[in-house]
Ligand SMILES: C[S@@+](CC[C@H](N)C(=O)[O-])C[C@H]1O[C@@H](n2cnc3c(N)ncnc32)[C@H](O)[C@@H]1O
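Just the one chain here, laid out as structure tokens, in the form predicted alone.
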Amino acid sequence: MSINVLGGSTTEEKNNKTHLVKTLRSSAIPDSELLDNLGLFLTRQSLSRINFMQELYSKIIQTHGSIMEFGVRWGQNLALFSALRGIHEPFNYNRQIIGFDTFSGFTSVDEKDGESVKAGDYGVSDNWKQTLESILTFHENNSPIAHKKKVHLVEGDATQTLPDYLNCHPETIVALAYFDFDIYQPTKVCLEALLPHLTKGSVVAFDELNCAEFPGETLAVKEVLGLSRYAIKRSQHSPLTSYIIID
């Protein structure tokens, strides 16, 4: 299966990463110890991203509500959020984590998205949703109150599935919304749908603001929230990711 994504790494960087991946896959570390030694294979960039997710999570611990991610892809962020909940607030079963994705890449792109992306980009391998479900179940079972399901995947076009979800769950308050759609239309539609469900202290985070390769995300935020209404904050750990805090 061909999976098309944008990347800014040099050939040397790609080759070095490929070598590290091969080392991981062929590692002689016993299975019983491999997960406990993944730090051996974390790149600076990967660790920086984990640190950013930790930073975001720390800002909502005292804010009531759920976590939503828009653009799950392989699901790493959802797994991190589940693990962070198990660390910081293991008994907060009210903190639902909901991920929205087509699991087949972009359904379409708008002219506002420029020429760098096309429909079908950023897909995943066949049947990945089922694999991700099992991984997320492991993380739930590794925390207290495992009998209550707290992580959910919603498959499909989020411009349709998010309104449906909110209609079925009118009680929803969103403490953290993470936007990783990259493109204009779903970012705009889902931002508009979420606004009534945010509270003071809610964090809305973005993966590609001010990014020339993905102009649609910034344009959607500009149209729905405005660029002067909120301070757009960033972390020292990442050049692209950013967030606002609803006040």
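Everything quoted here is computed from the prediction, not taken from an experiment. All residue numbers refer to positions in the sequence shown, first residue = 1.
One more form of this protein exists, namely the form predicted in complex with the named molecule; it is left out here, but the text below deals with it.
Heavy atom within 4.5 Å of the named molecule in the predicted bound form: which of Y93, Y122, W128, Y165 fits that? Just give me the one. None of the others qualify; the residue that does is Y122.
If we take heavy atoms and a 4.5 Å cut-off, which stretch out of 154 to 162, 138 to 146, 85 to 93, 167 to 175 is in contact with the named molecule in the predicted bound form? Checking each option against the 4.5 Å cut-off leaves 154 to 162.
How about I67: is it within 4.5 Å of the named molecule in the predicted bound form, going by heavy atoms? Result no; I67 lies far from the named molecule in the predicted bound form.
Could you confirm whether F206 comes within 4.5 Å of the named molecule in the predicted bound form, counting heavy atoms only? Contact check for F206: no, nothing within 4.5 Å of the named molecule in the predicted bound form.
At the 4.5 Å heavy atom threshold, is G105 in contact with the named molecule in the predicted bound form? Although the named molecule is absent here, G105 would touch it in the predicted bound form, with heavy atoms inside 4.5 Å.
Under a 4.5 Å heavy atom criterion, is I183 part of the interface with the named molecule in the predicted bound form? Contact check for I183: yes, within 4.5 Å of the named molecule in the predicted bound form.
Using a 4.5 Å heavy atom cutoff, which residues in 57 to 74 contact the named molecule in the predicted bound form? It's fine if the answer is none. Sequence-ordered list: E69, G71, V72, R73.
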